[in-house]
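Next up is one chain by itself, shown in structure tokens, the form predicted alone.
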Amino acid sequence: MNYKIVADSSSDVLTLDSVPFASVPLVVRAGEMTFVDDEHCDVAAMTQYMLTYKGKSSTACPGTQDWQDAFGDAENVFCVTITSGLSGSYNAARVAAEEYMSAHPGRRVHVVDTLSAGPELRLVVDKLQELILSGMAFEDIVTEIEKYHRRSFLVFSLQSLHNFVANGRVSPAVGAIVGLLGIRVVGRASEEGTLQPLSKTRGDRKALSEIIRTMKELGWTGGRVRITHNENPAFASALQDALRAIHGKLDVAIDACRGLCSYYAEKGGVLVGFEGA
């Protein structure tokens, strides 16, 4: 069968090794600047610009035609989106899927609302590739990926909430606290797919300990881990080393955030997707 995985750019994935893949870009707008989150996006320049930009900013999700264009002529499509709690990407993908299947009887599209972002999407994409390569039937992959999604999680450590405030996602009062005197917020993607701050910490060591404590609380016992960061490779590496000290044989990978996740994570932010209970 002809399979394809399509994800919006919050997955931070541009290519896959063994299964056809397409990334559908979201867009970041700040003043007169527009940053399209595709392979040409200058993430470092965007991050630097956002450090000095003081006005309102926003993000825009892909349209239904963007999704359909990404489906191409695939007979079986698995579509992975950022949380519907922060973006209209999922709704646009659902409409695109319905129109695609109506226009091409016999073709199938399954859309996964991850209720998350970044490395948790990467986990779902990687699992889909694994299931497709196993030769599993489409309907069985749907069942398995929904089961898998219920035991994947996202935790994060952010050094600033400026862009969440500028985008109307967090109150200015909450955003003003983070970043002062080294204060970081550690949180998770909630079950409803929203930002859920869990604690405030001071310094990298306490933030790292809080991330690991939260991961264990959510059932992590050595499953796959995907770490992404915005210009903070030292923290990401320290977290990887700490996790390997707990579980030596660990499937873990570190990558830099691309555009959309860099916008929300901001400079110094770290996102962790992992398999839990």
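Owing to the predicted nature of the structure, the values given are computational and were not obtained by experimental measurement. Numbering starts at 1 and runs along the sequence shown.
There is another form of the same protein, the form predicted together with a small molecule; it is not shown, and what comes next is about it.
Not displayed here, the small molecule is kept clear of Thr214 by more than 4.5 Å at the level of heavy atoms in the model of the complex.
Contact check for Gly88: a non-hydrogen atom falls within 4.5 Å of the small molecule in the model of the complex. In the model of the complex, the small molecule sits beyond 4.5 Å of every heavy atom of Pro197.
At the 4.5 Å threshold, heavy atoms of Thr83 reach the small molecule in the model of the complex. The stretch from 200-208, 129-137, 152-160, 102-110 that comes within 4.5 Å of the small molecule in the model of the complex, counting heavy atoms only, is 152-160. Contact annotation: of the candidates Ala70, Met50, Ile227, Leu26, the single residue with a non-hydrogen atom within 4.5 angstroms of the small molecule in the model of the complex is Leu26. Contact annotation for the candidate site: Leu16, Phe78 and Ala93 all lie away from the small molecule in the model of the complex (no heavy atom within 4.5 Å).
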